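Here's a solo chain for you in structure tokens, the form predicted alone.
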């Protein structure tokens, strides 16, 4: 039976949505495995997160220290090297923190590293078969990883359905095992993203546009559709880089984190940086003329079409339906 651990990211006393997705990924590796969650932090916020996670995981290891007050891979990496048993498989979400932590950790553990995992085909002896993406998500690669000495995996957010919180595991305080952790990088402050004329983080329905919109004048097409749907227009990073929309409308790891009920992705390829800004398991409708766009792997409904033709037709149909 595999020894599987999941490092849980949290904020303000609330576990990230990926916490339950990592559990699903762990069960795909070995359905019979007892999965242990690892949480680091300080004070009452850490206790709250540990209690939440314990409702789903078989066991929770809690590490409390001032150095963990803010997620810092430079502190978490040596901690995990100390406490993870030999041959363990560790899952951490594929976001900016996960990519900071995982490569160096895999070297320290002499373990396999597979990033941006979008599928898990199972464990066969010491060989773990996975699916990851390359070339900006244009190619899906089937990987056979030797995990005899352990592995560090970073599943992509949204690629695995959140597991049901059915377990009730104990919370074990292992803070004493952390020892003295000396870090050179320190947290200074959080700089909140500017909120423009519309706060997309509070919207239930978003019509989000990407490169497929082609030019600034075509944004009006998305605005017409959003108006018909009672939604708001958001976008991916290329639209902001082109200065066609303000940064407050950008969804992604370098933009806003949103939790809509419905997310209409129009002409968006679906990079992990963009999907990292989607939380709360929204209903995703993807429209893209590239049938191999990675957004289709996470979409609930996928439509292969040119958005400049499809969006006006959808707007007309909605207006007629009213």
Partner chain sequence: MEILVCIKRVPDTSENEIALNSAGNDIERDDLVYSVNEWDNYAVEEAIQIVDRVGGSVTVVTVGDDESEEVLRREMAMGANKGLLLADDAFAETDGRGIATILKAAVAKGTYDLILTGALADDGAGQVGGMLAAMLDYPFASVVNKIETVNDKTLKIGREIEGGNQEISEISLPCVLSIQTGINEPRYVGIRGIRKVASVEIPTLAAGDLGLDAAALAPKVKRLDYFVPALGKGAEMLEGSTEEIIAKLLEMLKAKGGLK
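Numbering follows the first chain given and starts at 1. Superpose the two forms; the largest set of C-alphas matching within 1.5 Å is the rigid core. Bear in mind the structure is a predicted one, so any value in this text is a computation, not a measurement.
Quick note: we don't show the form predicted in complex with the partner chain, though the next part is all about it.
Undergrad: On the criterion of a non-hydrogen atom at 4.5 angstroms or closer, are 14, 83 and 199 all touching the partner chain in the model of the complex?
TA: Zero of three within 4.5 Å in the model of the complex.
Undergrad: Sort through 84-92, 173-181, 157-165, 103-111 and report the only stretch with a non-hydrogen atom within 4.5 Å of the partner chain in the model of the complex.
TA: Heavy-atom contact with the partner occurs in 103-111.
Undergrad: Would you mind picking the one in 262, 33, 65, 45 that has a heavy atom within 4.5 Å of the partner chain in the model of the complex?
TA: For this set of options, the contacting one is 262.
Undergrad: Would residue 223 sit within 4.5 Å of the partner chain in the model of the complex, counting heavy atoms only?
TA: Outside the cut-off, so no.
Undergrad: At 4.5 Å between heavy atoms, is residue 219 in contact with the partner chain in the model of the complex?
TA: No - in the model of the complex, heavy atoms of residue 219 and the partner chain never come within 4.5 Å of each other.
Undergrad: Examine residue 253 and determine whether its closest non-hydrogen atom to the partner chain in the model of the complex is within 4.5 angstroms.
TA: Yes, contact at 4.5 Å.
Undergrad: How about residue 58 - does it come within 4.5 Å of the partner chain in the model of the complex, if we only consider non-hydrogen atoms?
TA: Residue-level check for residue 58: no, no contact with the partner chain.
Undergrad: From first to last in sequence, which residues of 118-133 have any non-hydrogen atom within 4.5 angstroms of the partner chain in the model of the complex?
TA: Sequence-ordered list: 129, 131, 132, 133.
Undergrad: With both forms fitted on the core, give yes or no for whether the Cα of residue 15 moves by 2 angstroms or more between this form and the one not shown.
TA: The answer is no, as the C-alpha of residue 15 shifts between this form and the one not shown by less than 2 Å after core alignment.
Undergrad: With a threshold of 2 Å on the C-alpha, tell me if residue 63 counts as moved between this form and the one not shown once the core is superposed.
TA: No, its C-alpha moves less than 2 Å.
Undergrad: Determine whether the C-alpha of residue 25 shifts by 2 Å or more between this form and the one not shown once the rigid core is superposed.
TA: After core superposition, the C-alpha of residue 25 moves less than 2 Å between this form and the one not shown.
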